[in-house]
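Before any questions on how it binds or moves, here is one chain, the form predicted on its own, in structure tokens.
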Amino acid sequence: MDISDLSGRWALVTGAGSGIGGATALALARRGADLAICDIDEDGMAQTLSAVEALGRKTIARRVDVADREAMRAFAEAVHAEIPAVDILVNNAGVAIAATFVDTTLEDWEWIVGINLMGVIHGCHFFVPRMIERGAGGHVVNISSMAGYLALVSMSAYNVTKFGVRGLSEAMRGELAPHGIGVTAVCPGIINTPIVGKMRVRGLAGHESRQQAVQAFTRRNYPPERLAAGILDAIRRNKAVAPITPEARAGWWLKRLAPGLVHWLNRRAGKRIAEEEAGRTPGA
């Protein structure tokens, strides 16, 4: 898809109030696209909206919980009342939880699956059919993660949702190709966004994961604006899977070339967590 000049085209970005979503919305607007955005963070979305409008772009903005089917239906109706279909759909909204499978509650599962996986499904369900009906092509970007192909201990639920997003994207890619609609699963690595600070934590493994993640994100300091540039490039190249950051690319090849090593590292990490859990005193 030619993204050098998106004037007259519409892009939709979920979770556009901050982080990857906000940066991607602005990157698209700078290429000339008009924007439909949503988020549950109204203050953050207002900042993105102001920045997009300052570029002279048309906008549609709504407070939407992507896990809420009826809220997404209403958002789609509002968008399609203004335009026949979007040209670029970016399903970005997401959350995280650091916990082993045993420490993850069923409520946690419902929460993360509702946002990370069903949120993407809702976005595709309510916007892709209109893209097909219009018959002018387009592109769908679903934000997965390097955790969508490199599963790690203490991130079971997050891994499941991101594997699901990648699988959905690859299946849809084949289905939508005859309609001239590309589909990309974007798989970032460590990006400096608010998701870590808002991450749910369960058990010792979860607390360690948060500390490690905060340290890694701080040291890495890979800004969402750089990822947004990678997303636009992935759209241009119509990539099926886009592991954009260096660690994401390394993980992609490691899983393919040395799966035994990945399994060994996971076993080792799991053993360490089990030993530390066993040694933790009650109330510690």
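Computed from a predicted structure; not experimentally measured. Residue indices: 1-based, along the sequence shown.
What comes next is about the form predicted together with a small molecule, which is not displayed.
Residues of just one listed stretch (91 to 99, 130 to 138, 76 to 84, 176 to 184) have heavy atoms within 4.5 Å of the small molecule in the model of the complex: 91 to 99. Interface residue remark: L232 is not counted as part of the site for the small molecule in the model of the complex, having no heavy atom within 4.5 Å. Interface residue remark: I191 is counted as part of the site for the small molecule in the model of the complex, having a heavy atom within 4.5 Å. The small molecule is not shown here, but in the model of the complex it comes within 4.5 Å of a heavy atom of K198. When contacts are judged by a 4.5 Å heavy atom cut-off, I40 counts as touching the small molecule in the model of the complex.
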